[in-house]
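Take a look at this single chain in structure tokens; it is the form predicted on its own.
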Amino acid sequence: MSDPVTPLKGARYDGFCQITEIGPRGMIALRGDLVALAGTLRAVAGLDMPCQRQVTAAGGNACAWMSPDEVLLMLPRPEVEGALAQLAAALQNLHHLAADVSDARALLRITGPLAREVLAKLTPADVSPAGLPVGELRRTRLAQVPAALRVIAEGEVEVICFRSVAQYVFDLLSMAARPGGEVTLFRA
């Protein structure tokens, strides 16, 4: 098997916030009855099923609530094949979908004290600390493309988008983080 290549090959922009592409990450879209899938998720990834708009994480694994019948399991890239096999075996009698979407997605990170401000320029979602608290995930759009935003910590946001629009999203975020463009919306 060849080594995975990220869409932006590790691109990075340094403005009033830093925009970086995160290296290859394994991602499995898991759909079905989330209550029925909870035990299997715990057995396969050591994670509890997240509540609405939440993310559970342990070690290098995370599970993000995406919709009432879908979660996104994120894990180290080499573990995807084994996790898919475990899911297939454990869920063989349960209606579900488990698909490797690692190559279909791109991950970007915004780092800096004004990370929320970068997002506020691009999305209609409320990205204030009250509207998007640390630990939450929000599906929305950045300009004209779909994306998911995960606030890992104050000043650190992960952006998940389709691989096909990764360059566009990176360019949007970089433009919004240009020095001199600060408007300090969320400064304490």
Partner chain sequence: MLILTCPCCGIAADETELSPGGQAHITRAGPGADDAAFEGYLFLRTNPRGVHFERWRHSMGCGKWFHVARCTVTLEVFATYTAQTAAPPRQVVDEIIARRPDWQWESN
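Residue numbers count along the first chain shown, from 1. Fair warning: this is a prediction, and the values are worked out from it, not measured in the lab.
Keep in mind the form predicted in complex with the partner chain is missing from the figure; the text below concerns it.
Exercise for review: Although the partner chain is absent from this view, report whether S128 comes within 4.5 Å of it in the predicted complex, heavy atoms only.
Suggested key: Although the partner chain is absent here, S128 would stay clear of it in the predicted complex, with no heavy atoms inside 4.5 Å.
Check whether A38 has any heavy atom within 4.5 Å of a heavy atom of the partner chain in the predicted complex, and answer yes or no.
No - in the predicted complex, heavy atoms of A38 and the partner chain never come within 4.5 Å of each other.
Review point. Is there any non-hydrogen atom of D33 lying within 4.5 Å of the partner chain in the predicted complex?
Key: Heavy-atom contact with the partner chain at 4.5 Å: absent for D33.
Decide whether V145 counts as a contact residue for the partner chain in the predicted complex under a heavy atom distance cut-off of 4.5 Å.
-> Heavy-atom contact with the partner chain at 4.5 Å: present for V145.
Location of the partner chain contact in the predicted complex, chosen stretch of 22-30, 131-139, 55-63, 39-47 [non-hydrogen atom, 4.5 Å]
Every other range fails; the passing one is 131-139.
**Q.** the partner chain in the predicted complex - contacting residues of 62-97, heavy atom within 4.5 Å
**A.** W65, M66, S67, P68, D69 sit within 4.5 Å of the partner.
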